[in-house]
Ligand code: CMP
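Take a look at this single chain in structure tokens; it is the form predicted alone.
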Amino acid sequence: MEKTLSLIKPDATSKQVMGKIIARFEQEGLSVVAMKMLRLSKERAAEFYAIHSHLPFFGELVSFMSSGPIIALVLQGADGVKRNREIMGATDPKKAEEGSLRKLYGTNVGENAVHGSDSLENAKKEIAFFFDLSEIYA
């Protein structure tokens, strides 16, 4: 059983589709073992996305991710990282698979409803960014 991080981004929280997104993860066999709603400061958003700091869209990403509340989730399941990424779909909602979360709820490449860890190594780092071990119930 793998744990992975998922973020429900500000565009999805403003559309009030958080429950639908969480229900989808559960329907697909991923259990929610930690969850919190928060608003990232620009500094925290920049720290989380530091890997992208050299890219031209970095400032826009930081502004977007600090523009409203997000929901941070720790999901657990068999092949959790891979399953989460399949459920999310491609980064660009226009290219995402039919029925994927990004196809259903994303607007564009920047505002694409959800974030998910891209590897088990990054999942561990990203989970630790948002959660203390005592907050994870699995």
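Counting begins at 1, following the sequence as shown. Everything quoted here is computed from the prediction, not taken from an experiment.
Unshown form predicted together with adenosine-3',5'-cyclic-monophosphate (CMP); subsequent notes refer to it.
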Checking K42, H52, K95, K36 against adenosine-3',5'-cyclic-monophosphate (CMP) in the model of the complex, the residue with a non-hydrogen atom inside 4.5 angstroms turns out to be H52
Among the candidate residues A46, L104, V109, V32, which is the single one with a non-hydrogen atom no more than 4.5 Å from adenosine-3',5'-cyclic-monophosphate (CMP) in the model of the complex?
-> V109
Looking at adenosine-3',5'-cyclic-monophosphate (CMP) in the model of the complex, do all three of V81, K124 and F129 come within 4.5 Å of it through at least one heavy atom?
-> no
E60, heavy atom within 4.5 angstroms of adenosine-3',5'-cyclic-monophosphate (CMP) in the model of the complex | yes
Verify the contact flag for T91: yes if a non-hydrogen atom of it lies within 4.5 Å of a non-hydrogen atom of adenosine-3',5'-cyclic-monophosphate (CMP) in the model of the complex, no if not.
-> yes
Would you mind checking 1-32 for residues with a heavy atom within 4.5 Å of adenosine-3',5'-cyclic-monophosphate (CMP) in the model of the complex?
-> K9
